[in-house]
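First, one chain by itself: the form predicted on its own, in C-alpha cells.
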Amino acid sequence: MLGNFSYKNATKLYFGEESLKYLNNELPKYGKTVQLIYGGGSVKRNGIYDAVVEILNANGKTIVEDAGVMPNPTADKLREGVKLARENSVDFLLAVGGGSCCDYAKAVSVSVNCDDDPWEKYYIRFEEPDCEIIPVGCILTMAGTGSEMNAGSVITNHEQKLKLGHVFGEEVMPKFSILNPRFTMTLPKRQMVSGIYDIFNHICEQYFSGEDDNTSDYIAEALMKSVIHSSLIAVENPEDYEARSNIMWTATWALNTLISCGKQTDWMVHMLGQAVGAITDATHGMTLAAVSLPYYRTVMPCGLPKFVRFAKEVWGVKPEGKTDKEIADEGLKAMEGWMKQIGVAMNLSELGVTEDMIEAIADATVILDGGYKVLDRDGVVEVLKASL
C-alpha cells in the first residue's frame, strides 16, 4: 500500500543551453553581497566562472570568493565558510559546481546565524535549524547528487573519521538551480561515470524497500532505464548532448524526494559508501559502486519479489523456466555487467581499501533499518569484506 505523505519542492529549475541567462531573473530577489562558492578552479579554466561573475557584476553584486570546496567537503571547510559569510555580512550563497559545492552551501546557509558548532548541532545531534537561514542558489556543473533540488547536505569530519548527512527541511532547499548540460561536459570521464552510478544508486536506495506495486516504483524503474540507456551513449561519446541532458535531468528527479513518496527507503549502500569515504576520501559514486553488489546479494533473499521485479522490468530478464532466485541473480548479474561496461569501481581494493581498514570503516558506518534486512555490525563487516 502506498503510504501517507506530503510533498512539496520549492526549488525553481532553469534547464538547457541558455539557462545561465536566467540568473539575471533571480539575483534581484536577494541582497547585495553574494558568497561565490566553487571548488578547485576548473570553473575558471572552462570559462563558467567568468560568465557567472559577469552576470553578478552586471547586477551590482558584491562578490565574496569562497573557493576550494573539496569533493568531500569537510567540517573545517564549513567553519571557514561560515566565518567568511559572517565577516562579510553575506546575503546570498551561490554554489557553482557539483553536489559537493551545493551540499556545502546548504551547510553554510544554516550555520551562519547558528550559535552552536554546526558539526555538533546538525551532523552529530541531527537537530534542525532554529536561526535565520541564508538563501542558496546553485549552478550545476556535475550531474549525480541531486543536491540542486533537495535539502540534503553531507559533510566529512576527518578528525572523527565520519562522513554524515543531514536532510534539512524545505526552507533549506536551493531557491533556484541552473542546469546546463553543456557545463557537465567539462568533467573528466571518471567523474562523469561516478556521477552516473550515484544517480542509479539513489534510485535503488528508494526502490529496494517494500514490496508494493505503486506509482513510485514505476517511476523509479523508468528513471533507472533512462540512466542505463544514456550512460552507455555518454561513455562512448561524452559530447552527446541528448545523453548528457537525460543524465542531468534524471539525476535531479532521482533525489528530489519524488520517488520516495509513500515508501520506506533503505540507504545502507550510502551508509557503507560514506564510511569508506570517511576513511579513504575516495570518490563518492565509486564507493557506492564498490559495495553495492555484495550488499544487494546479502539482502536479496529477504526482498526476493522486488529483486525479481527489478530483473524483469529494468534488465529484461526472461523468467521462463527459472526460479525466483535464478531470475533475481540474473538481474544482479546484468547490473554487474553494466557497471563494468561504464567503468565504475567494482571493489574496494580499487579505492585503496585494505583488510586492516575494515574495522575502522565498520565503526564509521551508520546502521539504518529501512531495508529488507537490518545489518548488525558483524553483517557490515561481512559486506565490506565481500566488497574487497
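Numbers for residues come from their place in the sequence shown, where the first is 1. Computed from a predicted model, the values in this text were never measured in an experiment.
Quick note: we don't show the form predicted in complex with 5,6-dihydroxy-NADP (NZQ), though the next part is all about it.
Exactly one of the stretches 233 to 241, 136 to 144, 312 to 320, 169 to 177 approaches 5,6-dihydroxy-NADP (NZQ) in the model of the complex with heavy atoms within 4.5 Å, and it is 136 to 144.
T186 is the sole member of T186, T257, N246, S216 with a non-hydrogen atom lying within 4.5 angstroms of 5,6-dihydroxy-NADP (NZQ) in the model of the complex. Think of it this way: in the model of the complex, 5,6-dihydroxy-NADP (NZQ) has a heavy atom of just one of S109, S100, S292, Q206 within 4.5 Å, and the residue is S100. Proximity of V269 to 5,6-dihydroxy-NADP (NZQ) in the model of the complex: non-hydrogen atoms within 4.5 Å are absent; the residue sits far from the partner. Proximity of V154 to 5,6-dihydroxy-NADP (NZQ) in the model of the complex: non-hydrogen atoms within 4.5 Å are present. 5,6-dihydroxy-NADP (NZQ) is not drawn, but in the model of the complex it has a heavy atom within 4.5 Å of V69. In the model of the complex, 5,6-dihydroxy-NADP (NZQ) lies within 4.5 Å of some heavy atom of G39. In this stretch, 339 to 365, not one residue has a heavy atom within 4.5 Å of 5,6-dihydroxy-NADP (NZQ) in the model of the complex; the partner itself is omitted from this view.
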